[in-house]
Each structure stands twice: as structure tokens, then as C-alpha cells.
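Presented below, as C-alpha cells, is a lone chain in the form predicted on its own.
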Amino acid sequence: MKSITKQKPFDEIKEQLDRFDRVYITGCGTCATMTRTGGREEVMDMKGRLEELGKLVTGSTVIPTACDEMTEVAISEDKGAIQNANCILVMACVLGVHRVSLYIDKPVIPALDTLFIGVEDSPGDFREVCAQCGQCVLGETAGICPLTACHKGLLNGPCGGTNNGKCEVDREKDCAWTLIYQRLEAQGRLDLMRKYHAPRNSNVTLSPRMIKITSQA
């Protein structure tokens, strides 16, 4: 599972950095490297573009995994360059941005937009598999999430527009509910197609969300 990101428009990044003349850049060696939005090449490219704007890039690093404890270690190793900067430009998902902000008392600016949680089907081809809705139905839909696999997010079977197993919104895409039907049929659980799923309860995903896991004796 990977956090899928895209780089913000450079004009937006430029606007966010308008008041800062010294920038430190950090990328991520995991998800953002795989999506080519915040790996070493992208960090170096961003460095060059900022220098063309007259910014002083005091330093840069690509943290192995920007959303875990390695962030604090990487930051402490380049403390001087970070202290010399006005802000930190983070080329990582929102989790990486948040993690960096925990350890640095300077403005932290995101260079990427986080799109979804996904898997890589083939090199460079990522597919959304989870919207983190807090109401998982995969056990009844043969492991296929209708919320993310269906363009309309339908929880109760296909719409009237499905045609020959294809989606009416995207004719090149398989209908999610056709795939669910076929998989349930193969598993001998086709009766689940008749089960009604109530409308999603928005109270389940109130923000901000928190959870504390306690050990059991």
C-alpha cells in the first residue's frame, strides 16, 4: 500500500515560498520515489528551479521513509543546513509533511498533493484501493471496494449504465460490480449480491479522527 501523490503546480509552490529566500528541501525514499514526485531526481530538479528564482537552497535530503521515525534522525543529521533555512519544502505525502512539522520549528511547506492510498499493478501504474472510509465492506464484495472501484461509489450493485461489463463513465474500465459479481460467483457466495448496504454513515468519519490501541491482558 502506497500514498499516491502528485506535485503541486509550480506556480502554487512559488506562491507559498514567496516570503522565503532560503529553503531546505526534503523528499521521501519510499512512496514519493515510486510515484516520481519526491525522489532524489525530483528533489534535485526542484532545487534547480528554486535557484532559478533566486532562492538559496541551504541543503536537501531524501528520507528513507518520511512518515516514520527516520524523519527525526535525518533532520538531526543535517541540522546546520536546516537552521540556515527560512522554511522546509517537503516533497512527500501529507504524513511526511506532518512528521517533519513535529521536529522543526520552522514553516513546513508541502510540495505535493496526496491523492489516495493505492497499489502498484505494474511499474508506474497505481490503482486506488482504499478511501479510508471507516466502513469496510470488502468481506461482502469479494475484496473489491465499490467505493473506490466504481466511479459512482455505488454500494448496492451496478447502475443501469453498465454495458457488456464496462462502466458508462469510462468505457475502457471494467464495471466494478460486474467484477464483484464474477468473483462472488466463483466463490459460491452470489447470495451476497442481494444484501442491502445502508447509506454510509458520515458520523463514522468525523474529522479529526483519533484512535488509541490498548494492549489486552
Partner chain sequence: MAPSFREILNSGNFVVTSEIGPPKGTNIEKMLHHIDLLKDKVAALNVTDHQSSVMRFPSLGGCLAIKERGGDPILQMTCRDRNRLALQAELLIAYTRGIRNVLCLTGDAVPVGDHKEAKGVFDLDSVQLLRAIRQMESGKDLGGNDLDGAVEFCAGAIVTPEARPIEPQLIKFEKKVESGAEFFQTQAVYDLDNFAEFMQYARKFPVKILAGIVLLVSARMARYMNENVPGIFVPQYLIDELASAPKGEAVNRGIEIAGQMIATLKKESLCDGVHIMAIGREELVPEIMEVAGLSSSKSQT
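The term rigid core refers to the maximal set of C-alpha atoms that superpose within 1.5 Å between the two forms. Numbering follows the first chain given and starts at 1. Model, not experiment: these values are computed from the prediction.
What comes next is about the form predicted together with the partner chain, which is not displayed.
K.L.:
With the partner chain left out of view, which of 54, 188, 48, 160 would have a heavy atom within 4.5 Å of it in the predicted bound form?
P.N.:
In short, 160.
K.L.:
Which residue, 168, 68, 41, 174, is the contact with the partner chain in the predicted bound form, using a 4.5 Å heavy atom cutoff?
P.N.:
Looking at 168, 68, 41, 174 one by one, just 168 meets the 4.5 Å heavy-atom criterion.
K.L.:
Going by a heavy atom distance of 4.5 Å, is residue 151 a contact of the partner chain in the predicted bound form?
P.N.:
The answer is yes: residue 151 has a heavy atom within 4.5 Å of the partner chain.
K.L.:
Can residue 199 be called a contact residue for the partner chain in the predicted bound form at 4.5 Å between heavy atoms?
P.N.:
Taking the distances in the predicted bound form, the answer for residue 199 is yes, it comes within 4.5 Å of the partner chain.
K.L.:
Residue 34 versus the partner chain, in the predicted bound form: is there a non-hydrogen atom within 4.5 Å?
P.N.:
So residue 34 does not count as contacting the partner chain.
K.L.:
Although the partner isn't part of this model, could you tell me whether residue 194 comes within 4.5 Å of the partner chain in the predicted bound form, counting any heavy atom of the residue?
P.N.:
Contact with the partner chain, yes.
K.L.:
Indicate whether the candidate residues 155, 164 and 178 are all in contact with the partner chain in the predicted bound form, with contact defined as any heavy atom within 4.5 Å.
P.N.:
Result yes, every residue of the spot touches the partner chain.
K.L.:
Once everything's superposed on the core, is residue 173 shifted 2 Å or more at the Cα between the shown form and the other one?
P.N.:
Yes; residue 173 is a residue whose C-alpha shifts (by 2 Å or more) between the shown form and the other one when the cores are overlaid.
K.L.:
On a core-based superposition, does residue 49 travel 2 Å or more at its Cα between the shown form and the other one?
P.N.:
After core superposition, the displacement of the residue 49 C-alpha between the shown form and the other one stays below 2 Å, so no.
K.L.:
Would residue 135 count as moving between the shown form and the other one, using a Cα shift of 2 angstroms or more after superposing the core as the test?
P.N.:
Comparing the forms between the shown form and the other one, which are aligned on their rigid core, residue 135 does shift its C-alpha by 2 Å or more.
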